[in-house]
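Just the one chain here, laid out as C-alpha cells, in the form predicted on its own.
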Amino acid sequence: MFMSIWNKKEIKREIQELNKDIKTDILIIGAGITGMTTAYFLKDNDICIVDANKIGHGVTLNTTAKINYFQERIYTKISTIRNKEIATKYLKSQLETIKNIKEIIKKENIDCDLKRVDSYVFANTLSEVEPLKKEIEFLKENNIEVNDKKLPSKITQYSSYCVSDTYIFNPIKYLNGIYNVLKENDINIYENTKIIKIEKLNNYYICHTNKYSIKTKKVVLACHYPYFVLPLLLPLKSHIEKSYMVISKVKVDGEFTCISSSSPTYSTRFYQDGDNIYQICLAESHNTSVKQNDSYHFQRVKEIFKLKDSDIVMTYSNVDIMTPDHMPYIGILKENMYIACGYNTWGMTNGVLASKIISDMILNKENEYAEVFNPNRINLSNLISLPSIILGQIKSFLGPKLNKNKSWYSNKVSFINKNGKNLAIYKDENGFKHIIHNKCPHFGCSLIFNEEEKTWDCPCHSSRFDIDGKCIKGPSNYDISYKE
C-alpha cells in the first residue's frame, strides 16, 4: 500500500520524533521536496524541520518526478486567465528552477538518477490540435526550440511536439542527498511529528504536537494541504485532483516523457533501476468530488497504455491541489508565516521554486516571482470558479453521506450506525473486521473506501487513513480508529 517506485529500496535512517519542547528561529513543517529544499537554502540559519511521516513520504513519494517546463497547455491557459506577461514570468520561473535543481545536484554531488530526456506534449483528441498549436506559438515567441515530432508511443495521438532540455530523476534519492547536507550542518529533523495546532504568542508562534511544542519566530508551511481553513481559505480557492499510476517492467528505456494536452491527463516516463527498466503510466485524473471508483480507474490506465498484467509491478494513486489560475500559492500568508501549495501537478519544479521564493523572503532578498505567486492574490479566475468549487465541495461532503454503499463496493465493505455513531467496516481476506469512524476529523466528510490500495480516502480534501483508521496523510491531524 505504501510502496512507490521511488522507495522500492527504502533508505534506512535513525531519525527520532520530537520528544521535548524546543525553540528555533525557523520551523519548516513538511519534509517533502519543498520543505527539504527550503531547509537547504536556509541551512546557515537556526532552523528545524518536522514531518508527520517520514522524509519524502507525502505527495513527493507518488510523483512521476519530471523536471519539466513543457506542461500541457499551461501557458495559454495562464495567458487567458491572467495575462501573457504573467505566463511569460511563469515560464521563466520554471526554466530558472530547472537550472537551480541541476546546480544543487551537481554542487552537492547527489546521486539521484538525474537524466536529460526529450519531453512531448501530444493532442489525444482532434479538438486539441489547434489549442496545442497556440501553446507552441507561445513557447517559440519566448525563444524555446520546439520540434514537430511524432511521439514514439502506441498511445492515440493526433499531433505532438517535443523539447529536449528537460529532465527526470528519483525524488527520494534527491531528498536523501539534501538530508545528508542538512545533517552535516547539524540541522534538527524530526519525523513522525505532527503539528496539530499553531498559536501566536507575542512575536512567536507556538506549534503544538500531541505532547510537545516548538517555539519559533517564523513558520514555513511546506505540507501538501494545511489543516486550517483561515486565513488562506484554500477550500474556496482550489480543488483536489486524483490521478492513478501503474508501473510495469519493460525491456527498453524509451528515454522520453510525455503528457497529453488536455484532461483527463495521460502521462508516461521511464525509470532505470539497475538492470530493471520501468514504465510509469499515469491517467484518469479527475476531481475527487466525482468518479470515485478507484479500481475502475486503475483498470483504465492499463487499457489506455495497453499494459499486460504480467508486467505490472505496482499501482498507486496521488492527489494534487489545483488552482483556478493554474499557478501555485507561494509566499507570505500572514506575518512571519509562509506557505507553499497548489502545484497543479507540477510539484518538482514548483516545489523547488517555492523553496527559493520563501527562503529569499526570510533572508530579505529580492525575488522577482514573489508577487506573481502571492497566496493572498485575488483575480477574476477566483471569482469565476468559485461557484463550481463550492458545488464540488458540496458534492464531496454530501455524496458519501447520502450514498454510503457505492455500487462498485464488494461485500467486504459495509456501514452501520452503532450507539449513534456512523461506522465503516472492511472485512479482510482472513475475515477480520476493521472498524473505523466514518468521519474525517478535518471537515466532517464521510469517507470512500479505496479497495485497490486498502485505504479510507476523504473526497473533500484528500486526507487518507489505513484500514484501522490511522491517519497516514493530512490535512487531518487525527486518527479515526474505533474501539468497542
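These numbers come from a predicted model, not from an experiment. Residue positions are given as counts along the sequence shown, with the first one as 1.
Here the subject shifts to the form predicted in complex with a small molecule, a form of this protein not shown in this document.
- Taking I74, M348, I357, V121 one by one, only a single residue has any non-hydrogen atom within 4.5 Å of the small molecule in the model of the complex, and it is M348.
- Contact with the small molecule in the model of the complex, judged by any heavy atom within 4.5 Å, is made by just one of I436, I47, L447, V50: V50.
- Judged by heavy atoms within 4.5 Å of the small molecule in the model of the complex, the contact stretch among the candidates 436-444, 451-459, 422-430, 26-34 is 26-34.
- Using a 4.5 Å cutoff between non-hydrogen atoms, V219 does not count as a contact of the small molecule in the model of the complex.
- Taking the partner from elsewhere, D320 is found to have a heavy atom lying within 4.5 Å of the small molecule in the model of the complex.
- In the model of the complex, at least one heavy atom of V59 sits within 4.5 Å of a heavy atom of the small molecule.
- Taking non-hydrogen atoms only, A39 never approaches the small molecule to within 4.5 angstroms in the model of the complex.
- Contact here is defined as any heavy atom lying within 4.5 Å of the small molecule in the model of the complex, and by that definition not a single one of I110, I187 and Y271 is a contact residue.
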